[in-house]
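The chain below stands alone, shown as structure tokens; this is the form predicted on its own.
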Amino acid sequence: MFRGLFGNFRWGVLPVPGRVIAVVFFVIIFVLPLITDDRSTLHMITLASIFAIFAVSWDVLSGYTGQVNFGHALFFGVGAYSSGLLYRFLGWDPAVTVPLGALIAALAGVVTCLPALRLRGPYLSLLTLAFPLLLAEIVRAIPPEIAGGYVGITGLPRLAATPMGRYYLCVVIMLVAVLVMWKLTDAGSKYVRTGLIFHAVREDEIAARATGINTIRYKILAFAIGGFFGGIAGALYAHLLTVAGPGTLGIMMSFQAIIWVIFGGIVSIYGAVVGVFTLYPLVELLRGTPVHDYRFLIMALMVIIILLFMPEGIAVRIRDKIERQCPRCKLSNASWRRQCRACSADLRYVADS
């Protein structure tokens, strides 16, 4: 078994620069607590891991299927509040409330998808934007002894007793969640065909329906997947901060996910992760500095520059610079190779194109 794993790593990871960078990134993330015990740094990376799950879940729904959702915070907030309410009234542990909160958020995704099935473009986006705003007002109107009112549900138990425990728990969940979403959206997967169908729905829904694909079923599935993983992020966030408040349903929460994904690269799972781990730590590190009041302006300028010069996203641009896809076998190769590592096809004209 170990020989097979080593062989897959040697021939499937090491020859591809993008995969090597990903492995190095996750190694750094895992050894970071062994290098520093600074609580603020560990807390920042823990939050970034949660937001990475949230951003990738938006990319799965809006990037891969084209169902542009401006109200993705609905799933984040439903996961947070569901987990908080389950603890407040039933006293259940986060190990139970977090997955249950994610399932309730997935159900919310299915429910919100139903009235949006016949809408496209800006009409769909505006409808999805209304859902978290409506739920936020409902939460504020509910008696505070139930949903906490404007303050939220406070006193939630932490995910783990120590900052390092919370750090590793969120990082591992992020890694697993990102790998699952990557597999679900991989158009080249031999075992899971949802990725190929999601791409077909995004490119031309009418043509996909004409070939016999039940596009309604896969739209609902996309909303359920986005809701489930968005709910996981929201529930983890609530227990990390020990409060589930109306802020989890805010407009900025939805648009932050969009900004992170656009910055890193839409329709690329790794792009969302790069966007979160670049922009979120940047904003946090600028706190308490002379440019503290301008940190969001700096982030906005960075996003504008990326949109102007790298509209496909910074992570996708870097990947295109260091990798080339073989025109014959479609295998990824390092950009400096002259021949494909598998079929020996000439890669020079690919690099020149």
Partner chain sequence: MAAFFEVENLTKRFGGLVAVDNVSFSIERDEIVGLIGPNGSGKTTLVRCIIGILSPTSGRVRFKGQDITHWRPWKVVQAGLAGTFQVVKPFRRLPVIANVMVGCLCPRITRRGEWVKSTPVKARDALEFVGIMDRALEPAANLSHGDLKRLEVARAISTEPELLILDEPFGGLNPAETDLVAKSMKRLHKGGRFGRLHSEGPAMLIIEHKLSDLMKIVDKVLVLNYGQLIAYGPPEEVVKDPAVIEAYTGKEVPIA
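Because the structure is a prediction, the values reported are computed rather than measured. Residue numbers count along the first chain shown, from 1.
The following text describes the form predicted in complex with the partner chain, which does not appear among the structures shown.
**Q** Would you check whether the partner chain, in the model of the complex, lies within 4.5 angstroms of a non-hydrogen atom from each of L32, T41 and L47?
**A** No: none of L32, T41 and L47 comes within 4.5 Å of the partner chain in the model of the complex.
**Q** Have a look at 74-82, 210-218, 94-102, 153-161 and name the one stretch with heavy atoms inside 4.5 Å of the partner chain in the model of the complex.
**A** That would be stretch 210-218.
**Q** Taking the partner chain in the model of the complex as the reference, which of I259, I197, L129, L86 has a non-hydrogen atom within 4.5 Å?
**A** Going through each option in turn, the one that passes is I197.
**Q** With the partner left out here, check for me: in the model of the complex, does some heavy atom of E203 sit within 4.5 Å of the partner chain?
**A** E203 belongs to the contact set for the partner chain.
**Q** Evaluate K330 for contact with the partner chain in the model of the complex, applying a 4.5 angstroms cut-off between non-hydrogen atoms, and reply yes or no.
**A** Yes.
**Q** I'd like to check something about S125: if you look in the model of the complex, is any of its heavy atoms closer than or equal to 4.5 Å to a heavy atom of the partner chain?
**A** Close contact is absent here: in the model of the complex, S125 is far from the partner chain, nothing within 4.5 Å, heavy atoms only.
**Q** Please determine whether T278 contacts the partner chain in the model of the complex, using a 4.5 Å cut-off between heavy atoms.
**A** Although the partner chain is absent here, T278 would stay clear of it in the model of the complex, with no heavy atoms inside 4.5 Å.
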